[in-house]
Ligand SMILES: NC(=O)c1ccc[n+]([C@@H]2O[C@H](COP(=O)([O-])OP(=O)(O)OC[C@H]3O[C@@H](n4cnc5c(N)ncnc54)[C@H](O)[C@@H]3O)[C@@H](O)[C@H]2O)c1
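Given as structure tokens, the chain that follows is alone and in the form predicted alone.
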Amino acid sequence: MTQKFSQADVSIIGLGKLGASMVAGMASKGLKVIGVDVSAQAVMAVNNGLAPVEETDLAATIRSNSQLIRATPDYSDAVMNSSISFVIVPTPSDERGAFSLEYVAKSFESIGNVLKNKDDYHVIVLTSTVLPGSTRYGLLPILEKTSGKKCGPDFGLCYNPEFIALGSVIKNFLNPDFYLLGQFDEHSGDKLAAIHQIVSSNNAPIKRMSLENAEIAKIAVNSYVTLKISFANMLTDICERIPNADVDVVSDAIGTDSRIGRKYLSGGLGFGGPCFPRDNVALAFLGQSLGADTPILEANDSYNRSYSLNTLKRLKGRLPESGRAAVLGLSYKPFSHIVEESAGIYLCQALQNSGYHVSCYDPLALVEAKKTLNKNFTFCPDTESCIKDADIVFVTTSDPVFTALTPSVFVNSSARKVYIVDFWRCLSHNFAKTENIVYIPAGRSYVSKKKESLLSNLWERR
């Protein structure tokens, strides 16, 4: 049975991409929401019906539900006037590869100081990604010490991470595969489950469990997905070496098996972004610290970080060994400005270290890329200027700006032969057979005497 809340139903602490999107998403379901942030600019934006950060549909959703939303820098205002508080503040990786609790601890301390003077039962929900044990042993003592109260009878505590992708946060938040609900006790979990029942557009199942099980499950999901991506990239390498092989054909076949599934099984470039690489490293750190055997995670991280350089080695002999290289795509995925752990960035660096002059372009990530790459790269304002006079063009994301390219753009830019390396095979419909263009789709083999010989030598009877 759906529970109804009074006053401001929910407070959201942290107005970044996820926090602001949760504010908008919950308000779109009729909940009254108070956003909290230390940034005066973010608070002002929300109170003016504007988005504090860039994210798909965020501005429109805040604007259309502004009567249910307000923001404040004041923890007391937010906690006293809501029944449940979600904490979504940064947990950056530390020098060990673990997740720092510095910012979460400060938020919990502020919440505890408010709870000291609040008579009503209040639920605190940690949404930021943390390692197992963090909620119960690292953060709960802060709440109890600062509030002078006991978790359970006096207030509730849950761990409730989200599984979202930047660029589709609101959609993912309202339509999750499932809700992961770690609860201190049944009462805490009941209060949070009632929120999920209101918010979910797809009647998503709620998996309720202990705090520790939820902490393990969150980081395990992301680490498993990275293993699947690396496996697909390994298949890409294998398929390129076998005549008539095609990684997409293979992936479509094995992805039909219900034990495997098709998601994240497309060979391309390494995984990147703010979550996948660090979650994989953090789980390996946890395993090592506890004496668990986790070499598979360490090997996965090493494989992923070397993938761009190894890709160039794999292409050696098929590409000009010097000249101008154009890289289309610098963000870690399409529709994003984030270049953290981006395969496109790693590729740019590997190309420069191999002696190429590198020009690069991305529709959204150019500003961030300039902060990461040195001044010896040529940053271009559009696709056409990036590929002009290039000997090799690398397509690192399937952004629509790139998938819309036609052979005429390359033919007009140079009378020379141009090599196009397409890591996602998104241009094959246009470029498979074009004069003066050598199209190289990653993961699709071409027939050669050398490849046939290597394969046949394995099976010839001697």
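All figures in this text were calculated on a predicted structure; none of them were measured in a lab. Note that residue numbering begins at 1 and tracks the sequence as displayed.
Beyond what is shown, the protein has a form predicted together with the named molecule; the following relates to that form.
Asks: Is the named molecule in the model of the complex close enough to Ile88, Thr91 and Ser107 that every residue in that trio has a heavy atom within 4.5 angstroms of it?
Replies: Every listed residue reaches the named molecule in the model of the complex, so yes.
Asks: Name the residue from Phe231, Tyr75, Phe335, Tyr264 that puts a heavy atom within 4.5 Å of the named molecule in the model of the complex.
Replies: When the named molecule is considered in the model of the complex, the option within 4.5 Å is Tyr75.
Asks: Can you pick the one in Cys275, Ala282, Ile387, Cys158 that has a heavy atom within 4.5 Å of the named molecule in the model of the complex?
Replies: Contact residue from the list: Cys275.
Asks: Please determine, with the chain shown alone, which of 29-37, 401-409, 63-71, 433-441 has non-hydrogen atoms within 4.5 Å of the named molecule in the model of the complex.
Replies: Heavy-atom contact with the partner occurs in 29-37.
Asks: Heavy atom to heavy atom, is Gly25 within 4.5 Å of the named molecule in the model of the complex?
Replies: Outside the cut-off, so no.
Asks: Classify Val339 as contacting or not contacting the named molecule in the model of the complex by the rule of any non-hydrogen atom within 4.5 angstroms, answering yes or no.
Replies: Judged by the heavy-atom cut-off of 4.5 Å, Val339 is well away from the named molecule in the model of the complex.
Asks: With the partner left out of view, is Ser251 within 4.5 angstroms of the named molecule in the model of the complex by any non-hydrogen atom?
Replies: Judged by the heavy-atom cut-off of 4.5 Å, Ser251 is well away from the named molecule in the model of the complex.
Asks: May I ask you to state whether Glu162 is within 4.5 Å of the named molecule in the model of the complex, using heavy atom distances?
Replies: It does: once the named molecule is placed as it appears in the model of the complex, Glu162 has a heavy atom within 4.5 Å of it.
Asks: Along 127-163, which positions have a non-hydrogen atom within 4.5 Å of the named molecule in the model of the complex?
Replies: Heavy-atom contacts within 4.5 Å come from Ser128, Thr129, Glu162.
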